[in-house]
Structure formats: C-alpha cells, structure tokens
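One chain comes next, on its own, written as structure tokens: the form predicted on its own.
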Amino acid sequence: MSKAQTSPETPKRRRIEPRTLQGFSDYLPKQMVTRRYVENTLRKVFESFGYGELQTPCLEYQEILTGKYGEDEKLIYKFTDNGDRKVALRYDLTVPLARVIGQHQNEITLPFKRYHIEKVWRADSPRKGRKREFYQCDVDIVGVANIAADAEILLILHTGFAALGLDDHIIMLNNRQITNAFIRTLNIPEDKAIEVFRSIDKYDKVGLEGVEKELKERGIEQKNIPEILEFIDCDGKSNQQILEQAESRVGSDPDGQKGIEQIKSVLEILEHYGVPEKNIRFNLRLARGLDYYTSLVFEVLVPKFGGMSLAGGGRYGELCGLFAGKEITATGVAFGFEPICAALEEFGLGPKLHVADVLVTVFGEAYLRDSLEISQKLRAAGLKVELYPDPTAKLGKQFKYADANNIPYAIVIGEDEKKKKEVMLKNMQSGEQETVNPGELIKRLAK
C-alpha cells in the first residue's frame, strides 16, 4: 500500500470524567426500591385520610420565597434566567402551597387537604443526612383553625411511621405560644424572642451547653439564661409533669394559657384515636427554627436512629395570608423522606431489591420460544416476570443472577419439562425444586 493509500490514524477517544455535583446523588435500582417503598407507603396513608396530591413548579419568582425562612434564607438557590427574571429553586413545599392558595383561591374549596412529594433544593454544606437536592414529603390542612386539624396531622404522622414499621417513633409536641409567654415573663425584648427560639431549636445538635453558648452569642442577658435552660429541661418527665411545669411558668398570660389548653386538647384527641402515650411527648425545648410557625410545632424521632429528626411541622397562621390578602390558617408536616430512606437502609429495615417475582431461564436456543410463552402467561396473571436475555448463558449463571437481584423464584423449561408440558420451579432461597404444570404454577406464584 502506498503512502497515499495509508488509512489515517483513529483519533484518540476523549474520556469525560463521570461525576456529580456535591450534594446531588444518583440512585441505583437497589436504592430506588427503598425510596419507592417509602413514597408508596406514605402516599397510601395520605390518601386513606382523604388528601389529594399537589404538584408545583421547581422554579418560583424570588420574591415568592424570600423573607419566609429567617436565617436559612441564605440557602435559597437564586439566579437570573435568560429572560432577565429573578427566579429561585424551591426551598421547601410549604411556601409554594401558600402561593397556590393565594393564586387559586377562587378555585379551591376550604378546608383544602393536600399532600406533596417533590424535590427541593438548598445551598447547604453537604454532609451525612444533608444534601443540596432532595425529596420532601408534605401533608397539610388549609383553612381550619380548630385544634382537631392539628390532631389529624399528628395522627397521620403516627399512622405513617407505623406503616413503615417504625412503631417506636416518638412525636415531640410543643406550642410556641407557651414559649413566647414564658419569654415575656423574663422581660426579654420582642425582637430578641426569635433569637431564643433559634437557640433552643439547636438543642438536639449542640446539647444544653451549646444552647447556653448560643443564647450568649445572640445577645440574651446572662441573668435570663439559667431560667431558660431550666424551663426547657424535660428529661425523664411525663406529659402531665411538663404541663404542670409550663403552667407554673406562664402564669396568667392569656396566650400561654391558650397554648397549654391546645396541648391538652391534642393529647386528649390522640388518646381517643388510640395513639399510645409512649408515641407522643410534650417537649418544651422543641422550637422549630422557621419563622412562619405561630403555635403548635412538632417533630418525630425514632430512638434507634439516634437524635435525628425524621419529620417536622406545625401551624402557620400568616403565610397563606401573605398571598391570599386575607387571613387563612394552616397546619401541616413534612416527613423527612431522605433521612427515613437512609435510616431504613442503614438498619436493614427497608425492602430488598425485588424487581421481579420470578426469573424465567432459557435452557438454550431451542427452548427460547417456550420461555417466552410462559413469561407472557405469567405477566398476564399480574406477576412481575424477567426473562433472562441471553439464551447461550449456562443455567448456573442465570441462577446466580436471580440470587444477586433477590428474585425469589426461577423457572426452567428443559427437554424433560417440554415433553411433559410442565416447568421446573426453583425456590431461590431454600433451593427446593419441583415440577408443576403451567396452570398450577400460576396459582402457586400468585399466592
């Protein structure tokens, strides 16, 4: 071959480094099984209480989101788009709900009950249990001031965690009116009250000494700090003892008294619903850091998962009114979708990957049609069926594939089975094998 006929060298293929942004994640099928399990379980609970699903855009105008989150406002992803509009990514699902109520108030009938499961974004420092892109799972009642609405949200919390197999959950309950009344007895200026809330809210992360340090750094007078620390000391006390403690500190303050009566009413309603006392705890150090909460606030802990909050919410009396132009009260909670999924996986409590109910093996090229036919019959019966895609693969390799993917059964149609018009059914967990006819096979697997 002459020089002129020489083929040009194949250009070196450029390799792009595969990577994701910090705080953002891929979820492989094994992880998606847990995530779908949690989502579907909670969706079923919400709908059993008569709640409908809401979806909203991931982008909002900046002015919709800003001024609603207190210190956390710095975590909002904000930018100017190609149309020179100032926009922001959803920070949570509560403010978009309030915007929907205001924007569609002529189309919505109150009370409005909705659940909302979608992604939100926060420009936070990524670490274990904290991401920049994650799912939230909210359920709210809008337009009902009665304490029965709050009690229903708490019952949904209890029902949801029980449905996930987390029967040892503890719903922590407080009322910001009680804490506000106590703060007034200390003559702390009104503009400093929110600083007390924010300091108390960090108790689970920093402990009592950390709260003391926070109070000092936020400008709370030293003479008031010991009384604040004593007020939030609830360890080892029953709900009744904490109620007595709160009553003795708020005195005759009308808002404080109203807050205590609301706590009593909620506890009474939950008892009537059959919620065990061990699952609900009145806790005076529960504050919830977001500024829009006005009275009842709540969080959920599961002791075996540590002190991490797995759900949080409360009543917000002014947020919807900002968009509706009139007072519309609401109450709701966000299930911690991401920490719940992570905890279930870490402790092995979630479901295993089970994409298919049965693997139909292919004994060889000559038996492919038989395997295809039984696969279709099983799918028509409502089963999830995977057909091994390579008819040249050895049977042992196909069984290993079923094991690796937690497929509980495998079917083999070989020469003997084809002659007898039967199939061999293998239990992948026990290793037991039996020969059955197709009709019996469908009945057996359907169970």
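So that the term is clear: the rigid core is the largest set of C-alpha atoms that superpose within 1.5 Å between two forms. Being a predicted model, the structure only gives us computed values, none of them experimental. From 1 onward, residues are counted along the sequence shown.
This protein has a second form, the form predicted in complex with another copy of the chain, left out of what is shown; the following refers to that one.
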task = Mark residue 146 yes when one of its heavy atoms lies within 4.5 Å of a heavy atom of another copy of the chain in the model of the complex, and no otherwise.
result = yes
query = Is residue 294 one of the residues lying within 4.5 Å of another copy of the chain in the model of the complex, judged by heavy atom distances?
reply = yes
message = Can you work out whether residue 51 and another copy of the chain are in contact in the model of the complex, taking contact to mean some heavy atom pair no more than 4.5 Å apart?
response = yes
task = Report yes if any heavy atom of residue 102 sits within 4.5 Å of a heavy atom of another copy of the chain in the model of the complex; otherwise report no.
result = yes
inquiry  = Taking 4.5 angstroms as the heavy atom distance cut-off, pick the stretch from 323-331, 245-253, 304-312, 215-223 that is near another copy of the chain in the model of the complex.
reply    = 323-331
ask   = At 4.5 angstroms, heavy atoms only, are 110, 141 and 180 all close to another copy of the chain in the model of the complex?
value = yes
message = Only one of 38, 410, 413, 387 gets a heavy atom within 4.5 Å of another copy of the chain in the model of the complex. Which one?
response = 387
task = Go through 230, 235, 81, 209 and name the one with a heavy atom inside 4.5 Å of another copy of the chain in the model of the complex.
result = 81
Contact set, 55-70 vs another copy of the chain in the model of the complex - heavy atom within 4.5 angstroms = 55, 56, 57, 58, 59, 60, 61, 63, 64, 67, 68
inquiry  = At a 2 Å cut-off on C-alpha positions, does residue 213 qualify as shifted between the shown form and the other one after fitting the rigid core?
reply    = no
query = Does the distance between the two CA positions of residue 373 reach 2 Å or more between the shown form and the other one, the core being superposed?
reply = yes
Rigid core superposed: residue 55 CA moves 2 Å or more between the shown form and the other one = no
